[in-house]
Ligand SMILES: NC(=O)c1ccc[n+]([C@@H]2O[C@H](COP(=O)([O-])OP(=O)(O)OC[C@H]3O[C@@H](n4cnc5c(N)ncnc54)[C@H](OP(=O)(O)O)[C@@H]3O)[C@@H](O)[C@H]2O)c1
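Below you'll find only one chain, the form predicted on its own, shown as structure tokens.
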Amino acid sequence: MRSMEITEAIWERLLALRQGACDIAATDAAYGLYAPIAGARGSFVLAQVGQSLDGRIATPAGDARDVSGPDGLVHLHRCRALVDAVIVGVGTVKADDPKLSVRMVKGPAPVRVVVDCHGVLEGSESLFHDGGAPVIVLRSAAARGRPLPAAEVISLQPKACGLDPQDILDILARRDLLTVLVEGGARTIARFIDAGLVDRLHVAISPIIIGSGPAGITLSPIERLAGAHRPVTEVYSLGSDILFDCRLERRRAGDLVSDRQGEKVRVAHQA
């Protein structure tokens, strides 16, 4: 396990790396964790889960406050400051009413993207009124949602299981939003992982046992452990939380990869 301390000077260098102003060749734990995000050029997807020791992200009633410890929250805000956009599902917005800001750290705030397939957002949610970073709402082309203040609403053609993660990344790339943090909820994160579109998965574990409630990651079921993800992983002590930095295999168009049942499939080229 790597212990990590981020000084103001280290953070300034990481922010500079994000802007392309310098190159970092350092072995410090902070650089090992954050430089792959800050230095990403082109499409890069980070998924982040903050959960309890028993893998829960909230109580059965939906109370998710303080699941992550203070250092886990600071880590999440650092990740936001190092990407172009942060994606959440509509369930996260309805349950937590998040600001998706970087108020705990110095740095630029990402564009906030909400996947609202069926157009259920009402417009009263905080992120439409807080004067923060721009908001993009993604809806199904068939949805008849309300007009939303201070937001760009984009309609996408749904696929069999809703809005396609690759279509989401493509529409963001057209707006020069290439580095993306998929923050929640569990279903949204799972869809990006199942689609093979996540480069790094951060799982921050807080020393709390909830006992029941929704899980942090809920992927498609597998029959054999041979189909399980076994990513190369580094473990970091954040202080209040322990972080697992997992390198997932990103599928590229035309790649021959193993699906979760162990069979070889070819990923179709995207238009």
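Don't overthink the numbering: it's just position in the shown sequence, from 1. Computed from a predicted structure; not experimentally measured.
One more form of this protein, predicted in complex with the ligand, exists but is not displayed; see below.
Partner contact region in the predicted complex: 186 to 194, out of 147 to 155, 169 to 177, 104 to 112, 186 to 194, criterion any non-hydrogen atom within 4.5 Å of the ligand. Among heavy atoms of Cys117, some come within 4.5 Å of the ligand in the predicted complex. In the predicted complex, the ligand sits within 4.5 Å of a heavy atom belonging to Gly62. At a distance threshold of 4.5 angstroms between non-hydrogen atoms, Gly162 is in contact with the ligand in the predicted complex. The shortest heavy atom separation between Ile205 and the ligand in the predicted complex exceeds 4.5 Å. Note on contacts: among Ala40, Val49, Ala29, Leu46, the single residue with a heavy atom within 4.5 Å of the ligand in the predicted complex is Val49.
Checking Asp96, Glu125, Asp71, Asp199 for any heavy atom within 4.5 Å of the ligand in the predicted complex turns up a single hit: Asp96. Within 4.5 angstroms of the ligand in the predicted complex, the stretch 84 to 115 places a non-hydrogen atom from each of Gly89, Val90, Gly91, Thr92, Ala95, Asp96, Val115, taken in sequence order.
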